[in-house]
Structures are given as C-alpha cells and as structure tokens.
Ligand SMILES: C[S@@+](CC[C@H](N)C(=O)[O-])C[C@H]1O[C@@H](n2cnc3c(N)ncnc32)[C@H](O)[C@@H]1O
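Take a look at this one chain, the form predicted on its own, written out in structure tokens.
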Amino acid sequence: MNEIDLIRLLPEIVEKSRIQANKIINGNNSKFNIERINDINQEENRNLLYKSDNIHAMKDLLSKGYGSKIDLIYIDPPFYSKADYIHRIEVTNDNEKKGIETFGYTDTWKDGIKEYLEMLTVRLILMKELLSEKGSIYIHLDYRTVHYVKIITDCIFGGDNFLNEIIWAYKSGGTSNKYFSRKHDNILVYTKTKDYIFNPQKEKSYNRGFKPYRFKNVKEYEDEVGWYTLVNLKDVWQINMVGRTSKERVGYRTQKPENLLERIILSSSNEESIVADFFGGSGTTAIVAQKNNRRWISCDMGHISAGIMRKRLGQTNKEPYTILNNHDFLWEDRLIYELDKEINHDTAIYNFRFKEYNVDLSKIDLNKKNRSNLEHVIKSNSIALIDYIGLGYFENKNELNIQFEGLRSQDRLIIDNDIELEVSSTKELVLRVVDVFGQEYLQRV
C-alpha cells in the first residue's frame, strides 16, 4: 500500500474503529480467574495486573466503573517494526552462565500497516473512555508510524488537546553510513480536556562557559560539569536506555528505563492517582507508579511479560495487587520437593526443600543450540529455572489468595527455610509455580 492510499484510508480506519469500540463496550464481559497477591485484607481492586488481551481488560474496567477514572495512561505499543523479538534468559549453571534464547513476541502484521493502525485505533478510543476529565495519555512510538498515529489521535482526542511531542533521545549501539543514526523515540501527549493535571518538572540548564552568572534573584548551582540553573523541563529528554550492565535490566528486549516513566508519572499524575499501561511489557510503569504512591493498572497477554511483572513486583515494596487472567488455572505437578509441616492451632510452619523441576519443553520455542543449553541446565540444576514460588489457598473456585512469595535471584530461588502462615485448617494450600519462560502451574501442597 502506498502512502497516498493509506492517508485516504485513515478516516475509514477511525470510523470503523469507533463502531468496533461501541460493540466492545456493549458486548459480553470476559470471565477472569483472580489471584490476590499479599492481600491479607482483600482490598478490592487497588492495583490490577491483567494477563489478557487489553481489549478484554479495558472492557472489564469499563464494566467495573473505571470510566473517566484513570488520570494517566502511558502505552508503549508495538512500533510496526515487522520483526520477531527474542527473550534472553541467563541461568548460572556449574558456576558458568548459560544464555537461553526463546521467542518473546511478534511485531509482524499480515495485512500490513492498515491492520496495525486498526489495532491501535480501537484501543485508543477505549482508552479515552477510561481517561479522567483531568487525565493525559502518552503514546510511545518511533519514526515508522508516529505521523499516522498523530492524525488518528487528533481525530479521537481533538487537535486542540494535543499537548506535546516529546523526543526521548538516547545512546545505543549501531550506526549507519547511509543515514543519520536513529537515536530517539517519539512520545505523543494528549489530554482529555483543558483542565488536566500537570506538575512541571525541573532540569539543569548549564550556564554559558559553565561559569556563574551571579544574576540577582537567580539561584545557581554547581556540579562536576559546572554552574547551572534549574528550569522547567523541555520536550527533548536525554535519558539513558536500559543498558546491558544496568541493575534494572530484566532481559525484556524493549524494556523502558524507570527514569523515563518517573518523569512522565510525576508530571501528569498526583499521589493516589490511577496510572495505567495497557501494553505492560516488562512492567516498568507499574513499578514506578507503585514507588511513587500511585495506584496502577497494567496489562499484557504475553506469558513472559506477566512472569517478569510478577517477579519485579515481588522485589519492590509489598503493595497488594490482583492478577486477572482470562485463562483457566493450569494444574500440573512439575515441582518435586520435600516438605516438613508443623501445625499449631491456626498457624502452620512449612519447610520446603526443592529437588527438581520438570519443565515442559513442548511449549518452548528453541533452536538446537538453546535446546542443548536448556537440557544441560535441566540435568544439573533444574531448580534454577524456577522464577517465582507463591504459597496460598483458594477463597473460592476462581479466586486464589497468595500469602507468601519466593523469588529467583541470579542462579537460585530465594526462599526462607521456614514459612509461617496463619491459615484455617479447612483451607487447602497450593503452590503457584512460575518458570523463567513464564509458564505457570498450580499444584497442591
């Protein structure tokens, strides 16, 4: 499809998407299994992680009264790169790091850019329904589609509600001798109304020659570079990517840095605002929102993405949250362990000794080299493939309550020897097992 034909199709894409969004809003709800994490008091719907297509998540939120309730939406959708993305896992085995690469997610589109824009447009319409009257949306793209999405978003939110195009500039590997090196992304910012949250952030503005001006009533500062003043943030942001040696790095190919999300969240939300990300990826939006006392909603349909988010949230301060999954709980006894259990009234003490994990190789897309690496790990240290352990019980058929979490760090599962839980003797305890590939299982204790 040439560019002229695509431009002519944009009004049709918007109108078709409005009709589709209306059908979604008025259609039947998806059914979700619920998993409450660290939620002793079972506080309803404070922080939500949807493991589903974001269409189903947004429909569910609208049906639960979240319309016009979300103060900030940030999305980092596919970029129309027409590429498949690999997820890399590193496991320490026999004092040697083994890298295992498997399929992560795809950004390919059978019907080309028209299909991509239709996918995004209907979701943007639903996001507008969820956005509060004082809310803003940040749409993270790059050179491939930002100009088309800008026209579509003008139609949905109104050109008068366009606030900024932010340029996120960064350093990364790779240059070209045939064009200027592409070292920035574009972030479109729209508000729902003219009465929106905006908290100006400050940045350093270095003096000419890095010397003090000594102007009256102007406060100046000095660092290792030189003298500077603090000014309101401009629309070009120089923030480092999540590099190979960064402590933030979780192995997710398109992971965004916490500094980038913190700048967005502090600028366009207040404490206790609801912040949402419907292309959750590695979970950075939820992590930063939680650290800054915001409520959050995140969503991703990928198993690897959901597993990474679950683990990152377990490593952050233990705020309760709820996982909503529109797939059935999968019961399989794949984790072999020994257990000592002591019960004293309503308190039970559990001591687990994990022996072996039988990973389901049929569900993992691996080439010959990576399969060989994985088989070597399985033979010598299969427990290294466990990313997360949860211990809890069912409140009812579709509601699991996780009261204890153990997380993988480097090459081993970090879990206390003695786990104390105050659980009624009538409750049947279960283990939630998540491996490094995002595969999730439940098994009875």
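A residue's number is simply how far along the shown sequence it sits, counting from 1. Since we're looking at a predicted model, the values are computed, not measured.
Absent from the display: the form predicted together with this ligand. The rest refers to it.
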key: is_contact(Gly302, this ligand) in the predicted bound form, heavy atom dist at most 4.5 Å   = yes
key: in the predicted bound form, Phe278 touching this ligand (heavy atom, 4.5 Å)   = yes
task = Give a yes or no for Phe352: in the predicted bound form, does one of its heavy atoms lie within 4.5 Å of a heavy atom belonging to this ligand?
result = no
inquiry  = Contact with this ligand in the predicted bound form for Asp185, defined as at least one heavy atom pair within 4.5 Å: yes or no?
reply    = no
Asn47, Ser382, Ser52, Gln403 - the one with a heavy atom within 4.5 Å of this ligand in the predicted bound form = Ser52
note = None of Tyr80, Tyr196, Tyr105, Tyr357 but one has a heavy atom within 4.5 Å of this ligand in the predicted bound form; the exception is Tyr105
request  = Within 4.5 Å of this ligand in the predicted bound form, counting heavy atoms only, one of 358 to 366, 127 to 135, 329 to 337, 72 to 80 shows up; tell me which.
outcome  = 72 to 80
